[in-house]
Structures are given as structure tokens and as C-alpha cells.
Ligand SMILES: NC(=O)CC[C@H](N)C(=O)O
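Take a look at this single chain in C-alpha cells; it is the form predicted on its own.
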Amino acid sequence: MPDLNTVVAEIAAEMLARPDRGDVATYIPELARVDPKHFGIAVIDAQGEIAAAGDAETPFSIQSVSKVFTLTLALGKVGDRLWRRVGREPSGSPFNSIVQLEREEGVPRNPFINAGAIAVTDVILSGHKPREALGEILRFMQFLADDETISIDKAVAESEARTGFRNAALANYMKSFGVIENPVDYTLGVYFHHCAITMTCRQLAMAGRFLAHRGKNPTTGHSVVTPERARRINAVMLTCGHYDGSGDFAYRVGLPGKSGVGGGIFAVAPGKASIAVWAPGLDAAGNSHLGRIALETLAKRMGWSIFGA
């Protein structure tokens, strides 16, 4: 078995030297300011050992990676009733498309496209004030990562709110079908803010450890979800975690994962490791260009693809 620290350091050096870096998200003004030269990676194995390199300690906006954790929270609140309001199928369309909503009567295709994540956020909001719901999400992230310094970048959240016209259209369209139950402005406010959570690669890899180990943190022994629920969340990540690039990611990397337009990707090697990478430049589907390449390289060198070495 290759030495993990050596492999991670080599991958970081390779990625930092590459000239092809993708393009940062420009439709969110605050994200357009991020330097595309960044690259960070953190891997936490089953024993809790951390292999990290590059900008692994630099905070970044996790954006849609937060949807893994809001899905986990919503399932904890309403269980499988959640699937009446959001599907589990790959979209094959851009993450902010309204076309499928019209065809499918307001029910989003999966919880990781924007419409689906807004519907999931609405579930968490029900029975709470927006500030309370957002606080619950943030505390959940801090608890999972065992780090109270994790916070929300208010400038990013405000930037998203100012320019989030398509998300407002999606939410209002779902509201017309009763999929969104709370006031649209409240649901969108919570959504924009949890997407603006800021974390480092190390914090993100730590927060997601439970999904690599059958729903349990192997160091503390604390169960976050049942093994069955962890398996199902991983399945949705594998098939839907990278928008209309999900199939290509599964083909090339072979690991469950979730990307965000901030350039972060969280991935799981079941039973082996929790992984976070960050490279701000995106590909045409809105996924981190170098992040995907780094994960493909890691999976190959470590023999971690769920489909075999």
C-alpha cells in the first residue's frame, strides 16, 4: 500500500504546478475574487490520521457541499417522508435549471441541485425562525468537525442574495406547487447562508468522516446516522453529487462525492478515508477542475475506487 502522506504531497505538488486551472465562479461576485492558483487537499484515514498538503488550512466557501449536511439533517427530522418533496435521480441538467421543475410539477430531481437543496432547506426551516434554522445547521457542522471556529461568510451570503434571481425563480415555482411551505424569502435566506459556510479542507474532511464509516465517527464512536442512511446518502452523492457531471465523476474517480462552485469537493472512500479538496477553478459543469483530477489520481494511486483498483 502506498504511503498516504507521500501520495497526498505528490498530488498537491502536481496540481499546484498545472497551468489548466478552470474558471472561478463569476456569477457570485465574492467568489469571482478568489485566486484560482489555490489548491488544498486533506485526507483523514480510519485511524484518524490526517494527510494534508497545499492550502489545506485556507478557509473557502463550501457552497453546495453544505447540501450533504443539510440532507443529513432533514432526513433526521422527517425520515423517508423527505422523498415525497425531492427525488433521488440524476438531473442531467445544469444545477440551476428550471426546465425539469416545470415538467415534474415542482418536485426537484434530487437534493443536490439547487431546487432540491432549497426544498431540503425548507424542511429544516419548518417550525423555526430563519435564524434558528441557520444556527442549527451551523452548529451541526461545528459538532461534526469538532471545531467551533467554523462560520458563515456574510459577504458571500449577501452576494448570493443580491444575484440569486434564478434561485428565487426556482423557489417561487416550487411554492406554487406546495413543495415549499415556508415564506420563500425565509427559505432562500437560510439557503444562501448555509451555502456561504466557510471551512478548510481539514475541517470539511473531519465533518464528513461519518459517511466514510457507516454513519459513525470511528475515533469517538459517536453515531451520526444509521449505517443504512449513510449508505443511501453516499449513493445519492455518487449519482447526483456533481450536477450534470456526476456520471463522468463516477466514471473517472469512482467515489461518492459532492462538489460546490466555491471549488471544494468532499469525497468518501468507504471504510478507508474522508477526503476534501479545494481548487477554485471550475469546469463547464460547475465542478472543481483540478479537484476532480486530484481525486482521480488519489483513487488510482491508493486503489480506493468503489469499483475496484
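All of these numbers come straight from a predicted model, not from anything done at the bench. Quick note: we count residues from 1 along the sequence shown, nothing fancier.
Omitted here: the form predicted together with the ligand. The next part is about that form.
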### Query
Looking at the ligand in the model of the complex, do all three of F60, S151 and A207 come within 4.5 Å of it through at least one heavy atom?
no
### Message
For the interface check, one of 189-197, 174-182, 127-135, 230-238 should have non-hydrogen atoms within 4.5 Å of the ligand in the model of the complex; which one?
### Response
189-197
### Query
Looking at V68, I28, A273, A42, which is the one with a non-hydrogen atom within 4.5 Å of the ligand in the model of the complex?
I28
### Message
Give me the residue from S159, Q142, N114, N217 that has a heavy atom within 4.5 Å of the ligand in the model of the complex.
### Response
N114
### Task
Decide whether P256 counts as a contact residue for the ligand in the model of the complex under a heavy atom distance cut-off of 4.5 Å.
no
### Query
Going by a heavy atom distance of 4.5 Å, is G260 a contact of the ligand in the model of the complex?
yes
### Task
Decide whether F266 counts as a contact residue for the ligand in the model of the complex under a heavy atom distance cut-off of 4.5 Å.
no
### Query
Heavy atom to heavy atom, is S97 within 4.5 Å of the ligand in the model of the complex?
no
